[in-house]
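The chain below stands alone and is given as structure tokens, in the form predicted alone.
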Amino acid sequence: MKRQITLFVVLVSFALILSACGNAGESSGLEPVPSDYAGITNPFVGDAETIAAGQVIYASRCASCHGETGMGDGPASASLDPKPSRLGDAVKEAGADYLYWRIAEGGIQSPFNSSMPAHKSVLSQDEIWQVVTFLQSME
């Protein structure tokens, strides 16, 4: 009986260790999406007209900081601290809900503490989705 208890304790310990290490090396480093945005989906995925509209918005509102190709190297980026993110990296790691959230809410709040303005008061929901769709097309 003592042997069975020992085996049980070892198996449970092993399971706990595996679950704790399950994402080792896979951490995206992205903040969790707030519940107001979590799980929302892009209604325009891959739509050519939406991508074109998003590209126009991106060029006028985002490229000055994030650069024409999203590398964080726009003309305004030199004076920013922290530097604008490389959007290609974020798009690879993030879901549409994360991208929408970050565009809508910007980065002025903690933990980002960046100069990125919130766009939810100047862009409609569809326009934010257009930018998200454009960004996703850049992959």
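One rule holds for the numbers: they count along the sequence shown, beginning at 1. Just so you know, these numbers come straight off a predicted model, no measurement behind them.
Beyond the structure shown, there is the form predicted in complex with a small molecule, which is absent from this document and is the topic of what follows.
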Practice problem: Answer yes if any heavy atom of residue 98 is within 4.5 Å of a heavy atom of the small molecule in the predicted complex; otherwise answer no. | Solution: yes
Quiz item: Is residue 37 one of the residues lying within 4.5 Å of the small molecule in the predicted complex, judged by heavy atom distances?
Solution: no
Quiz item: Does residue 43 reach the small molecule in the predicted complex if we count a contact as any heavy atom within 4.5 Å?
Solution: no
Quiz item: Can residue 107 be called a contact residue for the small molecule in the predicted complex at 4.5 Å between heavy atoms?
Solution: yes
